[in-house]
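Below sits a lone chain in C-alpha cells, taken as the form predicted on its own.
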C-alpha cells in the first residue's frame, strides 16, 4: 500500500471513530509515524482527505449498482441489498464517513459530496421505479420508498459487526425479505417471481 493509501485508510478510521472535527492532523501524522509537516507532502488539507474518503465510499456503493444483474426486480433488489450491506461491512470506516462526516465539508466540496450521494440514491430509486412499472413492487411513491430502503440499509453501520450474531449473508437475506415486503412484494414473490 502506498503512502497516500495509508493516509486515506488511517484518516477514514480516525474520522469514523473520533469524528472529522475531533481528529487533528497531528494525530493523523502520529498514527502514520510521520512528522506533522511531512504529512503535507502527501496531501493538501484535512478537508481534502475527508472528500477523498467520501469519494472512495461512493465509488464502492456505485459499483454495487453497476454490477446489479439484469432481470426481474426482486433479484435486482436482493442483489442491491446484499451489495450495499457488503460495502458497509467491508468498508465500515469509509461507510461511516460517507453516512455521517461528509456534511462537515465546505462548498464546493460539499456540493461534490452531495452529488455523489444523490447519484447513488437516484440509482436505487431507478431499481424501485422499474419494479413498480413491472407491477412487482406495490408502492405509491418510489422516492419515498427509496428513502425508506436506504435509511434501513444505511443505519446498519451503527450496529453491525462482522463478529456479531448474524453473518453478513444472514443479515442480507433477512434485510432483503424485509425490504421486499416493504415494497409490497406478495408472499412467494421473494424467490424472484412476481
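It should be emphasised that the depicted structure is a prediction, and the values quoted were computed from it without experimental measurement. Positions refer to the first chain, counted from 1.
The next section is about a form of this same protein that is not shown, the form predicted in complex with a further copy of the same chain.
| Using a 4.5 Å cut on heavy atoms, which of 34, 168, 65, 147 is close to a further copy of the same chain in the model of the complex? | In short, 147.
| Considering 59, 140, 48, 133, which brings a non-hydrogen atom within 4.5 Å of a further copy of the same chain in the model of the complex? | Only one option qualifies, and that one is 140.
| message | Check residue 182 for me: does it contact a further copy of the same chain in the model of the complex (non-hydrogen atoms, 4.5 angstroms)? | response | Because a heavy atom of residue 182 falls inside 4.5 Å of a further copy of the same chain in the model of the complex, the answer is yes.
| message | Even though the partner isn't displayed, in the model of the complex is residue 17 close enough to a further copy of the same chain, meaning a heavy atom within 4.5 Å? | response | Within the cut-off, so yes.
| Close approach of residue 13 to a further copy of the same chain in the model of the complex, 4.5 Å, heavy atom | Result no; residue 13 lies far from a further copy of the same chain in the model of the complex.
| task | Spell out, yes or no, whether the shortest heavy atom distance between residue 24 and a further copy of the same chain in the model of the complex is within 4.5 Å. | result | Contact with a further copy of the same chain, no.
| query | Which one, 48 to 56, 149 to 157, 123 to 131, 65 to 73, holds residues whose non-hydrogen atoms are within 4.5 Å of a further copy of the same chain in the model of the complex? | reply | Of the options given, it is 149 to 157.
| field | Within 82 to 101, the residues that have a heavy atom no more than 4.5 Å from a further copy of the same chain in the model of the complex | value | Counting only heavy atoms within 4.5 Å of a further copy of the same chain in the model of the complex, the contacting residues of 82 to 101 are 99, 100, 101.
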